[in-house]
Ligand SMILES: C[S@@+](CC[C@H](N)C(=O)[O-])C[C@H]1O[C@@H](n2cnc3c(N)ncnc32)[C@H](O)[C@@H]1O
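Take a look at this single chain, the form predicted on its own, given in structure tokens.
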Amino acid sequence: MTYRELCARLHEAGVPDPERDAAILMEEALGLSSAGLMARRNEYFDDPRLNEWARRRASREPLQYILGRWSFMGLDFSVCPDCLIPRADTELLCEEALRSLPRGGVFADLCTGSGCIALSILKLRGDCRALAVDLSPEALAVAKKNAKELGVADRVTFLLHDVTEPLPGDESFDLIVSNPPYVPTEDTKALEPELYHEPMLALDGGGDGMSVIRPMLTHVPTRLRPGGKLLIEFGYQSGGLVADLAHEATIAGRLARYEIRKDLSGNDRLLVAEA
């Protein structure tokens, strides 16, 4: 098929950005640079891998799972249907974490998934150590693979645990970060087709989207060192709910202060709280 034929096929399937995805699929499958593809965009290619990838993308399987890798914070991560796909909005959380961690800091990443948050921080801050926690053994396997590939496996401990329950042990942290499930259950019934390929365990946040965030704001602050920070990503429509829960935690003395930060699109996206 030609580039234009692939674009038309993806467009007909309802793929949101068919031109971009067609270019990425052809470049990766055929080993072409962007300039090389432009020079050969009218050429017909009968390549088995390209044909299979085109079929999968037309069925609305995420591009990232087809490629098996995706970029986050300028780093390359292995991804598969056992974990969420890293997204650009989550880089806001990582950037705040990098600013917040003291020299030689220790932090925890709850609902680590592919490990993209914890491992990016470790890669960019060679002085820090991390605890990466997830309920899914399959997701932790992906995170462990990424840790080895990025060369940070010696500075991260992985823990299989339900983060709605208090963390085991008594270690305290300079920083705790989380990108938990936060999609309200009713909203999971009307997601884009690509999202149904991602693990629902990592998406469904219960009736109001707060089934993981609510208990976390009860027990997680107790594991922060004085002045330590808690960063939680949440859905763009949930800023009010998260602010109410953070306010309750402040009144109860679990947090000293908090603020809600906006994402690149101007939507409420990140809770920044301090113990």
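Since the structure is predicted, the reported quantities are computational estimates derived from the model, not experimental observations. Throughout, we count residues from 1 along the sequence that is shown.
What follows is about the form predicted in complex with this ligand, which we do not show.
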Worksheet item: Quick check: do 117, 161 and 164 each get a heavy atom within 4.5 Å of this ligand in the model of the complex?
Response: yes
Worksheet entry | Answer option from 26, 231, 246, 212, heavy atom within 4.5 Å of this ligand in the model of the complex | 212
Worksheet item: So which of 92, 124, 106, 84 reaches within 4.5 angstroms of this ligand in the model of the complex, heavy atom to heavy atom?
Response: 84
Worksheet item: For residue 146, is any heavy atom within 4.5 Å of this ligand in the model of the complex, or not?
Response: no
Worksheet entry | residue 100 within 4.5 Å of this ligand in the model of the complex, heavy atoms | no
Worksheet item: Heavy atoms within 4.5 Å of this ligand in the model of the complex: does residue 201 have any?
Response: yes
Discussion item. At 4.5 Å between heavy atoms, is residue 73 in contact with this ligand in the model of the complex?
Written reply: no
Worksheet, complete the sentence: The stretch from 84-92, 168-176, 185-193, 146-154 that lies within 4.5 Å of this ligand in the model of the complex, judged by heavy atoms, is 84-92
Worksheet entry | Residues of 121-145 having any heavy atom within 4.5 Å of this ligand in the model of the complex, listed in sequence order | 134, 135, 136, 139
